[in-house]
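Next up: a single chain in structure tokens, the form predicted on its own.
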């Protein structure tokens, strides 16, 4: 069967992110002119590090979460002999990390809005028995209107029902729940700890228990009492105390998951149905000149060179069966084909 989408269908314009296995590029589709974020992974690195499982997990999660407003969408995926390509939404508002770095802290209304949208995304993943495990400002993007877009599902754990636990050690030190650090069993509530850590950073400028000395910080996460400075409302402080509870059984969200968070006083002004319908205007709208704008992308990415070989068609390698995918809703926008999904068997 002919492949409807290939490497040569895109112009690769700029580097907009980097990761363990490759880079993310801003690319435009040559026929429909749309902009996408194309994540290009090097097969040899994945195979050398024995990370095939994580890569295919990310792919499966992307396919399961195609229709949530606050999760990045997969439009196409394909492979060449040496590389895997994931063609995703381009969230031109950039990383939350970039905005936090520039502004230091967010006011409570803005932090509340982002935390509420993140909570909806995490609750939706949990409803699909997926634990995200890597919530951090670098993985939280903003779209052109200023809504949250959660990305990077490489560390997700699938098949985690309400009481399901796992022990795999993974994540980013600043945002790790103590039970993960201690290599104890943990459940989906690690995501609510992660939300608490990100909310703390939005309100106070640093993750909780932060220390420039990494070992000291890990000790703090496990042992140090949480001290919340004034300058933040009592409702926000209460929510942080409940999310950053070291006892996962008593952590907010342990019993009824997202529902518990939604009824917390900090979120009393949020109309959740309207939020998910994107009917609540975001508190900050990125200034953009157009859909391919790079203003909100960190220059340390955009200044990196784009390899010439990216758009070259190599022969297809079958190292990753089941990887090729075309979003049925997008075909009509590309070459006028009927709506259908192609996936290699």
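For clarity, every value in this text was computed on a predicted model and none was experimentally measured. Positions refer to the first chain, counted from 1.
Beyond what is shown, the protein has a form predicted together with a small molecule; the following relates to that form.
Scanning 187, 257, 179, 89 against the small molecule in the model of the complex with a 4.5 Å heavy atom cut-off leaves one residue, 89. Checked against the small molecule in the model of the complex, the residues 130, 270, 72, 240 give one hit for a heavy atom within 4.5 Å, which is 72. Heavy atoms within 4.5 Å of the small molecule in the model of the complex belong, among the stretches 90 to 98, 118 to 126, 220 to 228, 195 to 203, to residues of 90 to 98. Using a 4.5 angstroms threshold between heavy atoms, residue 136 counts as touching the small molecule in the model of the complex. Although the partner is absent here, residue 46 sits far enough away that none of its heavy atoms falls within 4.5 Å of the small molecule in the model of the complex. Interface residue remark: residue 141 is counted as part of the site for the small molecule in the model of the complex, having a heavy atom within 4.5 Å. Proximity of residue 310 to the small molecule in the model of the complex falls outside the 4.5 Å heavy atom cutoff.
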